[in-house]
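Heads up, the chain below is alone and in the form predicted on its own; it's given as structure tokens.
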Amino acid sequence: MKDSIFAAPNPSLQPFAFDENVAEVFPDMARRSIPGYEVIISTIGKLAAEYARDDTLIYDLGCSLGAATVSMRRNLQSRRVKIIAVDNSEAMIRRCEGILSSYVSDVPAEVRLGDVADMEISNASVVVLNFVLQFIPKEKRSDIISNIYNGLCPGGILILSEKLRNDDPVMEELLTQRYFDFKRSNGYSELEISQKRTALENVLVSDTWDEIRKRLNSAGFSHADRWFQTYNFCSVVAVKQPQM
């Protein structure tokens, strides 16, 4: 279904929330709002196939409708792993369960309603945080990354995708305007762009790349870098040091 949530003028605009209305149009919203979304989802599956280890767990934290989980299942056929998909939105979880149950795979996937900040991570070879951390209060982000690092097996990876903020106001404006051009090219009107930006204010709080890198390093990840970036959207892979 096409995303038209912000198409009509709304003088009583509420903060953005992952409710039933968003869940209903989320695939279209993600595709038209996140540069390179399909590439990121596809590559998550390929990275999972490379780094997943038999008899371990894979976590899709903030799974929304399970796109990353589906991608990983497609690439992990006949592997002895289990995927745990977690989201704190009941609307997303209900639809995610339906999507995953309709896709035949020999890779089990357990869908949980829960808070990413409260998740116990253990015996993990792959953890995915795909455009999730930016919606979590900044004071909780370091603890979440440390929890993931501690729950990863040696040699395991974290795939972290985020919208970035640039400390340089000139570059921030340049990248933001190119992003708005991207949204216009995908059919969003000026009203939709403006109203969604207002709804996301203080809901989506971006980090700079330097903040993300320092947070990963502080948790223990000595190998981390951006493997993808378009405008102010990026995806990072961080590797836990393998055992010698």
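For every residue, the number given is its place in the sequence shown, counted from 1. This structure is a prediction, so every number in the text was calculated from the model and none was measured.
This protein has a second form, the form predicted together with a small molecule, left out of what is shown; the following refers to that one.
Partner-contacting position among D143, D168, D115, D106 - heavy atom within 4.5 Å of the small molecule in the predicted bound form: So the residue touching the small molecule in the predicted bound form, by this definition, is D115.
Heavy atom of I84 within 4.5 Å of the small molecule in the predicted bound form: No, I84 stays farther than 4.5 Å from the small molecule in the predicted bound form.
In the predicted bound form, F182 touching the small molecule (heavy atom, 4.5 Å): Judged by the heavy-atom cut-off of 4.5 Å, F182 is well away from the small molecule in the predicted bound form.
Residue contact check: Y231 to the small molecule in the predicted bound form, 4.5 Å heavy atom: Y231: no, not in contact with the small molecule in the predicted bound form.
4.5 Å heavy atom contact, Y37 and the small molecule in the predicted bound form: Flag for Y37 set to yes.
Stretch in contact, per heavy atom within 4.5 angstroms of the small molecule in the predicted bound form, of 45 to 53, 205 to 213, 182 to 190, 58 to 66: Partner-contacting stretch among the options: 58 to 66.
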